[in-house]
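Just the one chain here, the form predicted alone, laid out as structure tokens.
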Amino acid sequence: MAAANQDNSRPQNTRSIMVFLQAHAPFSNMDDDHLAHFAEHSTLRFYADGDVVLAAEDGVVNRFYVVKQGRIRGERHNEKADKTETTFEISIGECFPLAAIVGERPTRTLHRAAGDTFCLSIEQDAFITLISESEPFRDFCLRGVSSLLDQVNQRIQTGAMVSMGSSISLSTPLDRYALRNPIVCTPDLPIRKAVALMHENNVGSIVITDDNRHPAGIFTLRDLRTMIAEDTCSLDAPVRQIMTKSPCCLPATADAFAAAMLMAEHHFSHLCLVDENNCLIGMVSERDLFSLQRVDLVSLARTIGTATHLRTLVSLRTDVSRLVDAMLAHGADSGQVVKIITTLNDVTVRRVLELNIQKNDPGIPFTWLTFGSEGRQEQTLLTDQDNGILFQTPDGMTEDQVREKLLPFARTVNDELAECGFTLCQGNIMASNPKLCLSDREWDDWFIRFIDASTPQNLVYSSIFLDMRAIFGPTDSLDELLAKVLSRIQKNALFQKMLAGNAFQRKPPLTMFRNFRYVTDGNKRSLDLKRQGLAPFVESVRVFALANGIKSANTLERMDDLAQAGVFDIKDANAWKDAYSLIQAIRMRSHQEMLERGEELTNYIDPDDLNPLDRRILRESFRQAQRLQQKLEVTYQL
């Protein structure tokens, strides 16, 4: 009641400004006293269309502005093109110039009113007071839109927490959850005594180490059950005969997400933590990582990987949606979640292949390839098949004879994957297509023609086949193939420019006035978050990565590698990663909501259905895509 009385005691003008500010981030997270400080020290200024609000020649910036009505346009002179370009638009509720006032320097961008515009502004003293006393305001001023992204992720996690309960974060370092004094033994210890040690210490595993405490193997209760069931050796045999050699290890500084991905990929429940000298310092189990309700990443991956019937795999796919909710509740960001989904997809594909080999082995070794978003490890719940086969032709056989054996097998696998929820590719980008079931020689020839021809169709294919990964079978031939492809692209400036031109056509859905540009082939009020939102990042980053010899296929990893190589400015790379992740997070949340309503999954959203914060950050994310494309435009003189 006192707070209400205090609010009523403030002048009407102050209260109205506070109400306006509360509708926009970061002010929506600030205390009333800090909002009142802003309102009481603010001045409302009017600028007619075309008026200059800020310019470099004005000197060190000493005022902070918030757009109350209208728009502000940022302009810079492009010396190469000898013309003035609009670099950004600032809308209602947005602030400027953050970098200049924080850095106590002149602005480098001319700020001009676009239409009749009103701005609230405070002088530097009031700004300093707010940045020193208000944590949300300080965080926003120092990190900009990245701080708002945290709010969105936190809200997504809070929503998932309602049903899943609290737990550790996947970003937590493993040393917080590892057993500091793991039970160890020598390789010569009899299995009977090793089991006794495990029983005495109430643990499910024992690490076998050498004289320098380097992990040489691991023995678990599951290994014991298998040994007894299959009668492989006696309890008096040395543990080295039955241990799993070369156990997977991680440094203690690694996070829970890295551990979970390793466990899911390899279907084991324990891993060793080591120091910089590879000496054992701890153990972590899947039980340490997760306490989810009935399903977790590692156990689900293991269940999929050991399924004995196709119908089991089909039924297990429904658990993936629940797992996405669970991972969000555990603090996984969108980049982690898509890798989790991709890992489970990989495990499912491998198991379908293994079951079919058991029933009808084609008798020819092969590598199962995956392309596009699966190749980049960026799949969501909405996915189709983009796959192929690479093989080495056995002596005495022709390539066509090998295909004759592999294609019926591939058709069965494609059909069964469709039953598991991986819809058949409408463009027939599948292993059952003879054009995508090729020998290593044929794949190499295909890429030579692909790069040299640069036809419109090949440029369309670039978004699929240049993000290639093996998920089953030997990888040596693929590694050799990809090394050749990368080398050829680096040497072919024309192909790079054609790729850049194709990527530049993937325009983010913003008009020149920062309004949303809706899709024309569907709901008129919809945005396609995949084609309009994510694709501009994916396509542009791929060009820079291939041109600079970056081997990673994942978009976020490519951005990190390009920043490390000096191709991207680190601040730019971080902004682009944040923007890409935000769009992906909104897309995944939309998919979860569609599933809850029993609707068919699509990549379309109506921005009017989003709250103001999500709309603002989505708009800012699209603007970051425009900035990335501007770099592409300048680099390749498009």
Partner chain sequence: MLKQIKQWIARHRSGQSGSTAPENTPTPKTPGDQLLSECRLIVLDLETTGLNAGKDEVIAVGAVAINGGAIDLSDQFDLILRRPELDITETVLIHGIGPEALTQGHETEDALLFLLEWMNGDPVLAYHSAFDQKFLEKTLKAELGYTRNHTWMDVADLLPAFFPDAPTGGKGLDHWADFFGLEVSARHHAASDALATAELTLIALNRANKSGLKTLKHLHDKLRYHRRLQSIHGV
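Under this definition, the rigid core comprises the largest set of C-alpha atoms superposing within 1.5 Å between the forms. Positions refer to the first chain, counted from 1. A quick note: this is a predicted structure, and the numbers were derived from the prediction, not measured.
The form predicted in complex with its partner chain is left out here; the points below concern that form.
Student: Would D569 sit within 4.5 Å of its partner chain in the predicted complex, counting heavy atoms only?
Tutor: D569: no, not in contact with its partner chain in the predicted complex.
Student: So, H34 and its partner chain: in the predicted complex, are they within 4.5 Å at any heavy atom pair?
Tutor: Flag for H34 set to no.
Student: Given that the partner is absent here, does A56 sit within 4.5 Å of its partner chain in the predicted complex, heavy atoms only?
Tutor: A56: no contact with its partner chain in the predicted complex.
Student: Report yes if any heavy atom of A39 sits within 4.5 Å of a heavy atom of its partner chain in the predicted complex; otherwise report no.
Tutor: Yes, A39 sits close enough to its partner chain in the predicted complex that at least one of its heavy atoms falls within 4.5 Å.
Student: Pick from 114-122, 419-427, 309-317, 346-354: which stretch has non-hydrogen atoms within 4.5 Å of its partner chain in the predicted complex?
Tutor: Heavy-atom contact with the partner occurs in 114-122.
Student: Within 4.5 Å of its partner chain in the predicted complex, heavy atoms considered, which of I17, A625, L618, A25?
Tutor: It is I17.
Student: Mind listing which residues of 35-71 have a heavy atom within 4.5 Å of its partner chain in the predicted complex?
Tutor: Sequence-ordered list: A39, E40, S42, T43, L44, R45, F46, Y47, A48, D51, K68, Q69.
Student: Core aligned, does the CA of L35 move at least 2 Å between this form and the one not shown?
Tutor: Yes, because once the rigid core is superposed, the C-alpha of L35 moves 2 Å or more between this form and the one not shown.
Student: Cα of H591 displaced 2 Å or more between this form and the one not shown, core superposed?
Tutor: Superposed on the core, H591 moves its C-alpha less than 2 Å between this form and the one not shown.
Student: With a threshold of 2 Å on the C-alpha, tell me if D606 counts as moved between this form and the one not shown once the core is superposed.
Tutor: It does not reach a 2 Å shift.
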